[in-house]
Structure formats: structure tokens, C-alpha cells
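Here you get one chain, nothing else, as C-alpha cells; it is the form predicted alone.
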């Protein structure tokens, strides 16, 4: 039925309907009508996949995006495209519900899914506290509250341990976090990245940028002169690569002191449970003598 409706949706206006027991608000303030049973679900972004598994609902996930690679259980699941969205492939999985990322997915896609009877719930993670809140919310929604509560408490304990280690450090270095080396994509005001840096014992120099994902100039970086530059460059990153794109940076404090570090992007660009480990990694380079491990 859903596949037929998807093919004829524009021409006939066909919609699928199913029994609805209740409604709920997602993290975007949208009202979502829930199916009477939620046994088969799909995530529409890798971070959402990780949150669903963390909430104890991994056994309900029946497919993942082509970008998914964690946890290892996803390797055995069917894949589909989310950029662009392959509606037909997802409908073919006979799912009860889809879960989307407010940071990644287009809200307009929810209308297409709704028209074939698949409600979409959007999750937003803008702070580290949002991670554990989202895990608990998903556990409550999907009937896995006990597992979700346990995982959320583990993550909260890890965050509390890190906060205790960095709370009274005498100095907090100025930190620049970059997404890549060539174009200076960064994170602006309200991003979880600033929370991670603060918890790791640093201060983000882009925390007051009004744009959500600002593109910085060489002049801005030179004027701010960060003590440390970190980014999702990969663990095999070499400082010479950054300087090849930005040769005027040779006078920066971070360059002179060789405090430039690359990390696995999954721990910073996927707003999910592994951000907690990413915060510990940051603390390890900002204050190596103070860290004892997560």
C-alpha cells in the first residue's frame, strides 16, 4: 500500500492511514502522530542511529543510511540514501516510524513520509546534556526506558568526571575548532562544540559568532591568535597541510608551539553519544597532565 501511494502520491493524492493512539512533540516542536505499534524504525542520519542504539532500540532498526558505520551492528542492515532521500527504498522496508536529525535532515521530507503513513520524529542535539536527554526521550518513546536510563547515566557520570578534572585548572587556552583545513568552516553561537571545549578546559574563539556554521577568514584567526587549533582533520593530520592552505599562520601561537591536532570527525561532527569521548580527547590535548582517562 505504501509503495503504491508513494508512486501515485503526486497524481492521485493517495495517503496511507493507520490507527493512531497518541501524539507527541519532537525536538523541533512538531506534533507527531504515533502508530499503535513501533516495531520497525529507520534513522535518517548516522548520529540518530547512534542515539537509537544507545537508547536500547537497536533491535528495532531495520535499515540505515549509506553513511552509517557505527555501531558494528549496522553493517548487516540494508542501506538507503538520505542525501538525496530515497523514499522508495525506505518505504520498501515497511517501517513504522523514522527518526531525523534537526541538524542534517530537511523538515520538508517529513511531509512526504507522512503522506505514506510514516511519521518522522526530529531530534536536536545542541549541548552535551541534549545527548542524554535525547537518549531518555527515545527510550520512553520506543519502550526501552531501562536501557536508555542506564546508558544516559553512564554518559552523565563520564561528563561529571571530566568536569571535576577541569573545573579548577589555572588556565583555559583559547581554542579554534575547524571542520576542515582548506575552507575555514567552524561552529558559531549555540553549538555543542563550544560546550565540549569548555568542558575540556578551553575557551572557543568562535563561541560568539552569530552564524551557525561561519566561514572564517585568515585575518580573523590571526587577530584572535588561538593557543590551540583542533579539528576534524583525521588522526593522521600533519600541521604542514594546514599551513599549505594558510601560510600566513606561521606566526600563530598554536603553530609556534605546535599545538595543532587532528581528530576522527565521528567524535565531533556526529551529535550523538560519542561526543562525550570526543570531549575527553580534547581535554587530553589541552591538559594532558590533568587527565586520567574517561
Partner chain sequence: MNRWTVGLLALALVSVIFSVSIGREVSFPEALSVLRYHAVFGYGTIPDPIADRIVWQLRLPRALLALIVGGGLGIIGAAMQTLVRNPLAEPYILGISSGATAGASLFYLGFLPPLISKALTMPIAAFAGGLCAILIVYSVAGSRGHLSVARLLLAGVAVASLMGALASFITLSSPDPDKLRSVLFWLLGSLHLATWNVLIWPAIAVSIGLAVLLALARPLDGMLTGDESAHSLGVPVESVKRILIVLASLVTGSIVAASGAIGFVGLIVPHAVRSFTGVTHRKVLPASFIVGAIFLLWADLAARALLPGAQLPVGIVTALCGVPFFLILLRRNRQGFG
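Residue numbers count along the first chain shown, from 1. Quick caveat: nothing in here was measured; it's all calculated off a predicted structure.
Only in words, not in the display: the form predicted together with its partner chain, which the text now covers.
Heavy atom contact within 4.5 Å of its partner chain in the predicted complex, the stretch among 214-222, 192-200, 154-162, 70-78: Selected stretch: 214-222.
Candidate from 94, 180, 146, 86 lying within 4.5 Å of its partner chain in the predicted complex - any heavy atom: When its partner chain is considered in the predicted complex, the option within 4.5 Å is 180.
Selected contact from 257, 59, 33, 248, since only one has a non-hydrogen atom within 4.5 angstroms of its partner chain in the predicted complex: Filtering the options by heavy-atom distance leaves 248.
is_contact(residue 210, its partner chain) in the predicted complex, heavy atom dist at most 4.5 Å: Judged by the heavy-atom cut-off of 4.5 Å, residue 210 is in contact with its partner chain in the predicted complex.
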